[in-house]
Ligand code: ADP
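A lone chain, given as structure tokens: the form predicted on its own.
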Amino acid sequence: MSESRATLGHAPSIEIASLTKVYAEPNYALKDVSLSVEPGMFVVLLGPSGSGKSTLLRTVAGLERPTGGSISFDGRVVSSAVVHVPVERRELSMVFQDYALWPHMTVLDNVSFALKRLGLKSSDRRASAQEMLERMGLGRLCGQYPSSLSGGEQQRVALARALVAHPGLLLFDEPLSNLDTDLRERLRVEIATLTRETGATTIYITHDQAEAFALADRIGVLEKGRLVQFGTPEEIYRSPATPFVARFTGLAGELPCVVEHMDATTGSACLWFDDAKLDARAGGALARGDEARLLVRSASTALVSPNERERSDGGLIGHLRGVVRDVAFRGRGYDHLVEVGGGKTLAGVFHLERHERGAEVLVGLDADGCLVFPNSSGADSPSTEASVVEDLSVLSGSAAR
């Protein structure tokens, strides 16, 4: 698109300081949230329903006013308990979950309308909109109305409308959640490519961990209105700050254990589960004899042949005897749901060959993907519903690998 038609927006830095939003005491939608977003950064806010991510996004947009704290763009306060810069003066565009297209306007008019506030002539607005729609592969749909489009086409139109004016700040409110799996993947790639080409600062919310890891420069994980961790995708996955973060970013399962030894220098711990001795990375201070909880990533598990002993290279540092309870074909091999003792299960245990239900197996665990937390760190047992979801994740493919 020619810059003479739509001026490139300035990508702002964003500073969120002690942001709080209370709808009704004592229910906090947001509580003391602080984070910094550098210009041009792509930040994903990740969390379950009710975690506060939508409220945070809407407050950044100016659609909600905070109860306390502040939001600043390039050092200028735009939201606080006493300051409120209206949405239209924040130089941003937003893509919604439900597309939010005007039903009485054609596709071309929907997109060109986003340029009206720039004071461009109607012919220039339409030319810029046409150019963006062609780039999105939607040129043939310019004269159609939203009601005649598929969900994927409507979301592409919404994305074109958000990008056409080259805003400095782009906000995405779970834009892919209403689409089927294949279409979500294609649009995810388009969003990643197009937003980075604009250089805009981007905040994107989702409850989908795979989507977050694929898109983000930084991820913020929210739980019950609090920001519990903010870091790179690698930091969030490899070094979760709490059991909640570990669970929400994908586990094979959780095992109760007893600490044999803790090395404070390396941050590693030696543990007992049932009659198996295992190594793991520690997520808190531990001492010999402490009861703790071992959180196991699917990527750290693998089935091994029953007669294989521990390898001397340290790749597999512990074995758990178990029984296959379910199996699912994954193209390159098979994921297994394995019961390993005391009724505990590990989901997504990979092997190139299929092991039938009821087969006795050994599960090898790599210490790098095993995280142990003290019971006092908030590692409460998941609810019954959550446990069932985890156990069935081998069927749905929800466990991160």
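Just so it is clear, the structure is predicted and the values come from calculations on it, not from any experiment. The first residue of the shown sequence is 1; numbering continues from there.
Although not depicted, the form predicted in complex with the ligand is the subject of the following passage.
Looking at the partner-bound form in the predicted bound form, is V340 within 4.5 Å of the ligand by any heavy atom? V340 lies outside the contact set for the ligand.
My question is simply whether S54 lines the interface with the ligand in the predicted bound form - judged by any non-hydrogen atom within 4.5 Å. It does: once the ligand is placed as it appears in the predicted bound form, S54 has a heavy atom within 4.5 Å of it.
Report yes if any heavy atom of G68 sits within 4.5 Å of a heavy atom of the ligand in the predicted bound form; otherwise report no. Looking in the predicted bound form, residue contacts with the ligand do not include G68, since no heavy atom lies within 4.5 Å.
Against the ligand in the predicted bound form, would A29 count as a contact residue? Criterion: heavy atoms within 4.5 Å. It does: once the ligand is placed as it appears in the predicted bound form, A29 has a heavy atom within 4.5 Å of it.
Within 4.5 Å, heavy atoms only, one stretch in 45-53, 357-365, 343-351, 31-39 touches the ligand in the predicted bound form. Which? Stretch with heavy atoms near the partner: 45-53.
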